[in-house]
Structure formats: C-alpha cells, structure tokens
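This document starts with one chain, in the form predicted on its own, laid out as structure tokens.
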C-alpha cells in the first residue's frame, strides 16, 4: 500500500493545538486543580516535583492544587500556601521542573472561608465567611462574619498571593471561585445573607469575586489570570437559587477585565462522589457569553471531551480523577489505551508516594507484531 493509499487518521479533537493567549498549547487536556494534602506545614514538598512532572507534557497546561493566600485561608491539613517567603521558595523548584519539560503551570489561589477549623486558624480564631451561617458538619468551626471594612484586606491577600505566584515562576494564576469556598460563599445566596453592598442582589453577591479579579489582573496582568466557578454545584452547602443566572452574570461580567480564561464546572457535578445526567453541554450559554478562552470540567471522559471540543462547546477540558490516576493521560487518549482506576481512599492521605506518584505509566513500543503497550512504574519513565 502506498502512502497515498493510506487512509489518513482523523485528528483527535482533544489532542489538537490551541493558542491560550500567549501560550502555545499542543493539546487541550488540562490537569485540573486537585487538593492532595502532601504539603506538610503548608509548605510545598520536594515530592511534588515528581507528581507534577509526571503529568507534564510539552505544551500542556497544568493547574496547581488549591494554594492558600493567607494564614487564615487553610481549610484542610497539609495544603500548600503562597503567603510566605518560605512557601514561595519551596514552589520554585517545582515550577522550574514543570517548565523544564515544556509545561505551562498556573497556580490556583484559594481561601477556604468557613470550610475550616479553628485548629488551622491563627490563634485558634474562628474562620471567616460572608455570613455567620454554620456548616452542619461538626468538623468545621462556626465562622465569623467579615465586616465590610475587612473585605478589602482579604481581596488584597489574593492580589499579593498572585504576585507571589509570579515570583515563584508560575505562568499565571487561577482564582478559586468554586466548590463552596470563600469566593463561592459570597456568590451563592444559600450562604450569603448580607444586606450591604456585598450581599442581596446578584450584582452585590458577585462584587467580592470581581473585586479580586480586578485586583489580581491589575497586579500581574489580565493575560495571566483565570477563574474557576461552579454556579450549579452545592458543595459545602453552598447552593444558589438561580445557578444559570449566576453563571451567565459572572461570565458576562468577567469580560470587563479581559482575563485569559474562565474555568467552569458542569451542572452534572453535584458532589465529590456523585453526578447526575443532564442536558449535554449545559455550560454552552456561559461559553457563548464569555469572550476569553473557556475550560470545562466535571466527570468528562475522552468521548465527552472530544465531543465538547469538536462541537465548540469548550476550548479546553480539565481532567481530575483520570489525570490523577493516569499521569500520561494525553498519551493514553492518543492510543485509546486502557485507563488506570483511581483509588479514592488515597486521594487525601499525606503519604508522599501512595496514591500520589505510584500510578503506573503506559509505555508504547513497537515490535514485529505492531504496537504494544506495557505498564511500568512511574520511576521507570520520564
């Protein structure tokens, strides 16, 4: 068979190039931000170098685990921060290693808000929140309602954290505005019961998030800023009475700041362990309104991702559980290879290897019979 006679293989939509602002991506498979709880004492550790570089491809976008903006931001044990000089210096070799393999690395900056415990707070104080509404989970300490005078200082924490991320070498930041944490608590009317300019109407409830977007964009440049939103989810008892309206309002409002991307979670994500079936591409209205690049996330498999990209329902697709368990996920998509199963029991353990860097790679090689695949340990592969 001649070369002309060979049928050209169709391109896999997820593996086509994409220009994300000034960044030239070689594919559209994004490492979603994943809380891993391996940063002892809120300091990123050397074992994170292997974890992130395992999941790095040349021209691939990675978003870091949620990273605290201040000493009041922590909600869980062993999560990293970026408010201190020590933390900045600890991130540098991790970021450098990702860059050495050609990856693009964004730092997700985060404040847990009321999803915290006094044991994680300075001087054992109460966690902060837009209201004093208490989570029913007894693991979380009743929060303290922020005064209106305090809000600008919290906004400034995000601004400074963004500057620190750039100092650490990150290519940009993603503001964590999803999943029931502080920014999401301001956005959602199930939590935010304020009666001042940061509560009540949708415009007022979105003010805190947009204040942060403006401050961060002014500090490091809008071309280095993204935001993650989950208007439809009810994580940590943070639901909203009009999630579609909230998503559309935020998508439209973000255009004023000309940020790089909006990263939004599908309505089918209702909890950490569950999903519901809903109209496919339900984020399309937000995607159409937002003028920058759009990233979708939430229980996507390869077929879903290819469909979303091919139908122009998104620009990029963020994968969490699948990328966690398959450090070479783009290669597996390319070969349509079997996927490792993730082990939920090791998602949030503090072990530096188990459930972290010990998921096997799929190495492809060719022999006389054609292409074959073998599973190798992560330390055996680059």
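Because the structure is predicted, anything quoted here is derived from the model rather than measured. Residue numbers count along the first chain shown, from 1.
Here the subject shifts to the form predicted together with a small molecule, a form of this protein not shown in this document.
- This chain lacks the partner; the member of 116, 238, 129, 108 within 4.5 angstroms of the small molecule in the predicted bound form by a non-hydrogen atom is 108.
- Checking 324, 316, 62, 313 for any heavy atom within 4.5 Å of the small molecule in the predicted bound form turns up a single hit: 324.
- The closest heavy atom approach of residue 300 to the small molecule in the predicted bound form falls within 4.5 Å.
- Of the heavy atoms in residue 164, none are within 4.5 Å of the small molecule in the predicted bound form.
- Although the partner is absent from this view, residue 57 stays clear of the small molecule in the predicted bound form, with no non-hydrogen atom inside 4.5 angstroms.
- In the predicted bound form, the small molecule lies within 4.5 Å of some heavy atom of residue 32.
- Considering the small molecule in the predicted bound form, the lone stretch of 41-49, 352-360, 62-70, 333-341 in range is 62-70 [heavy atom distance within 4.5 Å].
- Within 4.5 Å of the small molecule in the predicted bound form, a heavy atom is found for all three of 176, 320 and 347.
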